[in-house]
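In structure tokens, the next block holds one chain alone, the form predicted alone.
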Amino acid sequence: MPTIKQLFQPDSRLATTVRGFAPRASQTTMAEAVAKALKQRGQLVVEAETGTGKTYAYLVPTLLSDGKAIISTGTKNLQEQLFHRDLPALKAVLAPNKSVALLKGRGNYLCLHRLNQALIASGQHNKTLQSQLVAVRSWSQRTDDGDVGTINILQEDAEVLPQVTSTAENCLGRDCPDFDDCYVVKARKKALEADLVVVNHHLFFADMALKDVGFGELIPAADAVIFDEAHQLPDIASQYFGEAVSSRQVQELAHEMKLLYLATLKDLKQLDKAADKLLTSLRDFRLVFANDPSRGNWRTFRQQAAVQAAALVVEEHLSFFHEVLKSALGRHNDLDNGYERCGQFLHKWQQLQDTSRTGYSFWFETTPRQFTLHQTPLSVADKFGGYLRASNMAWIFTSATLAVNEDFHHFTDQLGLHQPTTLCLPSPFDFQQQALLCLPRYLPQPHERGMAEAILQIVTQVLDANQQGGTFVLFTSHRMLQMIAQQLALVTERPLLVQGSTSKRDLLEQFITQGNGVLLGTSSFWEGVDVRGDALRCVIIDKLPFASPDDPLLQARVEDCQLRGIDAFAQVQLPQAVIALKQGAGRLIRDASDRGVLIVCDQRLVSKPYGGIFLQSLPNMRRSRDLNDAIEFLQQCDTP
């Protein structure tokens, strides 16, 4: 068996048989470190900048190692890419006998029982939902794996999907009449038997937190866990180690019980009335918040008398609904399951009214019609770090953005990692030749009124110069995005693609197809987007991506730092913003032949002492304060 180093040579089996494989020194270094961590069952943290080839660097040693491995990604796109493109190519060459499996969250799989229940009550649904149900029923007769993502005629947010998929709360488990044919059960069984399983971070932490009944056996069976896009882990882990209850969850339960009354338990009129009262109280509670979608501090907000009164009404009607369900236990499996779920919602609701507990951030978020209350731990270090120390497994964390000025403490401290091996690998790209970083002079401060007009002028000048290439304009707020989008539509005839107008996937496909489009996006386009070649020649960032000071979780963490005598800006706000900026900047150069300009419209990069930390963390591009230099660079990109 060849060594890892031999496999990453220009004349190796990988180089001669795997299409697109190109050996890189940093990739070999990472692969050897991963192999060592797998063998010693250690902890490894690797920042591998764009172009390193980190995917192959962890897949090759994982395929060659003994034991079971879990690979967790931050996005479904990367999860699909790993399983359908990268893994098959490497597995065929290195480990043809190894079994691999793709496992998604249960919401991605058709629930046969819920489909049947929805079809029985189809007369109660609107025309759109009825039409979608017909399409799902037709598709269900020919699917092999039940993955609803393959129903091409449905949008990602189709109204029918929550009706025909299950959640951890409404799944009947072994009591389900369709248990033997359940797609979730089949997918999990395949995952448990596989040598290598590809999951995503949300699914991983659902398992670790034992929130998803019947799925807690996957992680303990593994010998190694590898996290790609690991920079997302602290925030995702916090979600799963906390508690939340949403009006949508409770409303779905109430509507399910109403349909059960109409279809089966027709003598249980009180169930229908109790559900209606609960639905009314939830709508009334939503009215105590502002009309526009918002996030805020729940601990502070609930001090209002009107809020407390409305919350008490919800609790009373939830308790009554629970009692009505209790009185009919044993009459139907769905009702018994509803009773259990209602009890869980009632417990969480009562828990979220007690905001005097320390160590948590209590916050709310609303949409035009819904609300969610959250209790999020300020730190997951003890719980997650303790889990790692108690396990006899290898733990590998990698991303293009984990370090701040080559220091990993911000990341490792958040997760409670104990003296891991760390590795910071530079990109093989020649950023000095391929890219220019422009910090234009004479711009207003980000908070000043003239900022929107200044950004608009920069964008229009860039578009005039970048005639044959595409442009990303990345924003830290939806408000600024909409302001620029409205003005830009009046002054350019270029294809204008605005986040929110259609799905992220459709926007990217249109952007790449157009070749010289302009895409305006916020946070979801700062990472996980891979556009190569002339389709993306310029990335414009409106300002440094500091978290909003109104963010309740940030407020709680800042307050916690202050109580402990720690500089919250240096320890919390600055590292998060540096990593976010690195992600946004990473959209520009994705290939050795790419060329382009990064423009950051924030004077604080040069006027504030912390600006140097941002600049030192970015790729080593040529820099200029003159926008004309950026325009000239873009014009040269059109020259053969």
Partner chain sequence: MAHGIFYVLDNINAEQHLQLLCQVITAGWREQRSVRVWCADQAQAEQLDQALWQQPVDAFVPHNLVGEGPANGAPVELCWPGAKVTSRRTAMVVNCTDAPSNSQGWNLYVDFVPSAEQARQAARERYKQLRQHGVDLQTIQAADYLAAHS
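Owing to the predicted nature of the structure, the values given are computational and were not obtained by experimental measurement. Residue numbers count along the first chain shown, from 1.
Note that the form predicted in complex with the partner chain isn't included here; everything after this is about it.
- in the model of the complex, the one of Leu456, Ala310, Ala535, Leu437 near the partner chain [non-hydrogen atom within 4.5 angstroms]: Comparing distances to the partner chain in the model of the complex, the residue within 4.5 Å is Leu437.
- Message: in the model of the complex, is there a heavy atom of the partner chain that lies within 4.5 Å of any heavy atom of Gly612, even though the partner is absent here?
- Response: Yes, Gly612 lies within 4.5 Å of the partner chain in the model of the complex.
- Message: Given that the partner chain is not shown alongside this chain, does Ser624 nevertheless sit within 4.5 Å of it in the model of the complex, heavy atom to heavy atom?
- Response: Result yes; Ser624 sits at the interface with the partner chain in the model of the complex.
- Query: Taking 4.5 angstroms as the cut-off for heavy atoms, does Lys36 touch the partner chain in the model of the complex?
  - Reply: Although the partner chain is absent here, Lys36 would stay clear of it in the model of the complex, with no heavy atoms inside 4.5 Å.
- Message: Just checking whether Val606 would be counted as a contact of the partner chain in the model of the complex - the rule being heavy atoms within 4.5 angstroms.
- Response: Output for Val606 is yes: heavy atoms within 4.5 Å of the partner chain.
- Message: Please pick out the stretch from 296 to 304, 140 to 148, 76 to 84, 438 to 446 that is in contact with the partner chain in the model of the complex, where contact means heavy atoms within 4.5 Å.
- Response: Selected stretch: 438 to 446.
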